[in-house]
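The structure tokens that follow cover one protein chain in two forms, given apart as structure 1 and structure 2.
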Structure 1
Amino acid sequence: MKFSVCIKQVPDVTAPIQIKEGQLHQDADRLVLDAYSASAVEESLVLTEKHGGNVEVVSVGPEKAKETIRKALAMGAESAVHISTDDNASYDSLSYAKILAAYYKNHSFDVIAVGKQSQDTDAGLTGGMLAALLDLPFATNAVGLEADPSANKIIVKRQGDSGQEMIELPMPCIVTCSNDMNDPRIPSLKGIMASKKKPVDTKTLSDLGLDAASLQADMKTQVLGFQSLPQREPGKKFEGDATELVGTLMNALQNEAKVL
């Protein structure tokens, strides 16, 4: 089985974040492998260790993204593809889907695994758009995967609105993975050393027949600015006899909060 995992480099969510004049300021040196991507890598490794095969990772981003690629290789992926973009390039979900579709249209795979969303924007749209562009079977929010290579299918356990669902997909297919799926392994020293020798194929947008200016011109969403969350009003504390408190609380809910 061949798994191809789309991974993303994101700012460390534990790093300090400031908003100044509508712009987001983050620690540029604290960039990490997205948690949803890490779960997709881990699940792909588990299945190939069980059934045989290999895992490649694919990342779209600037030169610095190679640090995150090496993390996935250290976890156990055999190879990687870095689709290089300018340092200051800004794309929306559709742009990323178009870039990945241009790569995959001439590339063989059994399963494309994608994080169900990313920790920076939480948009959660790229996987579905990629499936539409490639016209592939698709399942979202997977919390478990099982493969049946002999039947050329994969079983997806996904979290639905009212419970868990089991979906059977023929391969090739695309699955978006939840970070509730597993606990991604921590790379060993041996894995880190081995990652330095694993192949990373670098491609540019022009190699894929794409143009950065055209991608940005076709973007459907644009970030206009950032705002801090409004301050939450302090709660109210009532004291006294339980019988009296019920009447006080009901009055507050009806006349002040207007929720009853």
Structure 2
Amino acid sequence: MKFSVCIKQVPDVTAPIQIKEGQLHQDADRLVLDAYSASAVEESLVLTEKHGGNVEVVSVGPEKAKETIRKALAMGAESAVHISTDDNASYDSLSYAKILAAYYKNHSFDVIAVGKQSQDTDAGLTGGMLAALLDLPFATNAVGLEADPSANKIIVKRQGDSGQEMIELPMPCIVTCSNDMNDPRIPSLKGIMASKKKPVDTKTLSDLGLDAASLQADMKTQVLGFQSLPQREPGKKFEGDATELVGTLMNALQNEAKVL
């Protein structure tokens, strides 16, 4: 089976963030492999270990995205494609989907795995957009994945609104992965050493028949700025023994909040 995993480099969302004049500032300018992308890599590795095949990773981003690509190679992916963009270029989800679609049009694969969303924007659009552009069947929010290569299909367990849905998809197809799917492996020292020798094929937008200016011109969404979350009204905090606390709470819920 051939898995191709779209991975994204994101800012470390656990680092402190400040907003200055409507713009985001992070003290530690640390860039990491997106956690949902990591789950997509992990699941692809597990399935190829079980059924044979190989895992390729594909990332769109500036030169520094190479660090994140190496991380995925160190986890065990065999090869990588880096679609390089300008340092300061930023695109909306549809533009990224167009770039990825341009790459996949001329490449074969059984399954494209992507994160169900990314940690920085939580938009969750690109996987579905890519499926529409490539006219492929897809399933989102996968929490489990099994393959049946002889029948040329995969079985996706997706988290739906009121239960888990088991969906069968013929290959080739696209699956967007939840971080609840697995615990991505930490690269071993051996894996890190090996990653340095693995091939990274760098492509430019023009190699894919695209140009940055037209992509920018077609963009429909722009970021206007950032602001802090609204604060909730501070509430009341009670201490004491359990019986006393429950008494106070019951009184508040019945007579003040009137929700009982």
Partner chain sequence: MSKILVYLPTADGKIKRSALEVLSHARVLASKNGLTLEALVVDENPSVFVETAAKYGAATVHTVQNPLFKQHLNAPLIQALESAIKTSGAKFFATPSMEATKDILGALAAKLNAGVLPDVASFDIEGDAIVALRPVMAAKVLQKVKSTGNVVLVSVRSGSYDASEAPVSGSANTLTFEPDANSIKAFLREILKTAGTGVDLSEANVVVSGGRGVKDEDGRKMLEDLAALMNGAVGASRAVTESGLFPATAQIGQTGKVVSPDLYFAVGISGAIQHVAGMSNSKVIVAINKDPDAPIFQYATYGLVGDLYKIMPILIEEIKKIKAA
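The term rigid core refers to the most C-alpha atoms you can superpose between the two forms while keeping them within 1.5 Å. Keep in mind that this is a model prediction, so the values were computed, not measured. Residues are numbered by position in structure 1's sequence, first residue being 1.
One chain, two forms displayed separately, with the form predicted on its own being the first of them, structure 1. Hinge location among 197, 88, 163, 235 for the rigid parts moving between the two structures, by C-alpha fit switching from one part to the other: 235. Rotation of the smaller rigid segment with respect to the larger between the two structures, from C-alpha superposition: 37°. Shown is the Cα shift of residue 248 between the two structures after rigid core superposition, which amounts to 9.5 Å.
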